[in-house]
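To begin, one chain is listed below as structure tokens, in the form predicted on its own.
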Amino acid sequence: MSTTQHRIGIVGARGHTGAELIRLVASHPALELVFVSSRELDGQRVADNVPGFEGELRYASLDPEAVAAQGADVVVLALPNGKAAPYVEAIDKAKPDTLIVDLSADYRFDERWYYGLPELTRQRWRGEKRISNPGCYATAVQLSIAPLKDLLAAPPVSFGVSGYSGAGTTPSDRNDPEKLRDNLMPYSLTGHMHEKEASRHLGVPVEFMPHVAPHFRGLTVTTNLYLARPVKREDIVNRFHGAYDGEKLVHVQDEAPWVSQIAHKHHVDIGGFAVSSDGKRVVVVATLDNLLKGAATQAMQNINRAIGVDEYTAIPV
């Protein structure tokens, strides 16, 4: 096992995901956090903003050239969609062998970037130093459908409900607790980014309808799948166990999982497996913490594999 220290920096560290990443890096034996970039928190101590982090490291407001000049071995981009390219270009020029993990959607459709959903794409990694981290909903949707992909009679339909941490820290209706109280907010009901992403990487069209709920973290995806032939529930459950029983971060259970039980956990729960009386329709329910397996934990899996340590290093399994 490699015990080399790898210097890591995080860009966009103010967000909810940035804080989770900082916590994971802090407990990692092979990673040293050397910079955290945030315009809003410039000059503040990380320890004062991230409970559990110790040390004197301070946030800095770094432009793309300044990030590249840090010379880190690993850079995580935790920025809103559409903001990654200048940082990638600057790092490409200054230190092209830097490992870049991008948490936005910007490179999820780029063939030159490895799409890192380890449970489904682990075998496709060829040592790429450019890794696109999957979307939170797209992770749950794909894991719900993949074991049944060869049986589909129609595009699966996924109904998603997420806590408002998924709407980020920039104020909007979708992360305003007052407007969300006793409410459910539908949005992007066709053509959502994660619909396109899941469809592309599964290789089958998926229809997805997201909603924001009043809870803070965790998402639920309920997926309806029409099957080309009748299938027994037991055979469906066996397919999911066959696909995921070797996976530390995917737990297959009999009952439909509850989102209240997944907050602060690093894995995905998948269950339900309700089958219609004719055996040609099944409903699968998946839950995950959108800030962890939907973002920071998955990024850590990808970083660990790329730096040559055990995939689950620093991830509480």
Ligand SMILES: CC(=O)N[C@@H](CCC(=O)OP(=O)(O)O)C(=O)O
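Position 1 is the first residue in the sequence shown; the rest follow in order. Note that the structure is a prediction, hence the values are computed from the model and not measured.
Only in words, not in the display: the form predicted in complex with this ligand, which the text now covers.
Query - this ligand overlaid from its position in the model of the complex: site open or blocked at 2.4 Å backbone/C-beta - result: Open pocket: the modelled ligand, placed by site superposition, has no clash at the 2.4 Å cut-off.
- Message: Looking at 156-164, 243-251, 143-151, 93-101, which stretch has residues with any non-hydrogen atom within 4.5 Å of this ligand in the model of the complex?
- Response: Residues of 156-164 come within 4.5 Å of the partner.
Worksheet item: Is Cys136 one of the residues lying within 4.5 Å of this ligand in the model of the complex, judged by heavy atom distances?
Response: Within the cut-off, so yes.
Next on the checklist: I'd like to check something about Arg130: if you look in the model of the complex, is any of its heavy atoms closer than or equal to 4.5 Å to a heavy atom of this ligand?
Outcome noted: Flag for Arg130 set to no.
Practice item. Give a yes/no on whether Ala105 approaches this ligand to within 4.5 Å in the model of the complex, heavy atoms considered. Key: Ala105: yes, in contact with this ligand in the model of the complex.
**Prompt:** Does at least one non-hydrogen atom of Val212 fall within 4.5 angstroms of this ligand in the model of the complex?
**Reply:** Flag for Val212 set to yes.
Discussion item. Please identify the residue among Thr121, Asn238, Asn81, Asn183 with any heavy atom within 4.5 Å of this ligand in the model of the complex.
Written reply: The residue in contact is Asn81.
task: Check each residue of 182-214 against this ligand in the model of the complex and list those with a heavy atom within 4.5 Å, in sequence order.
output: Stretch hits, in order: Tyr187, His192, His194, Val212.
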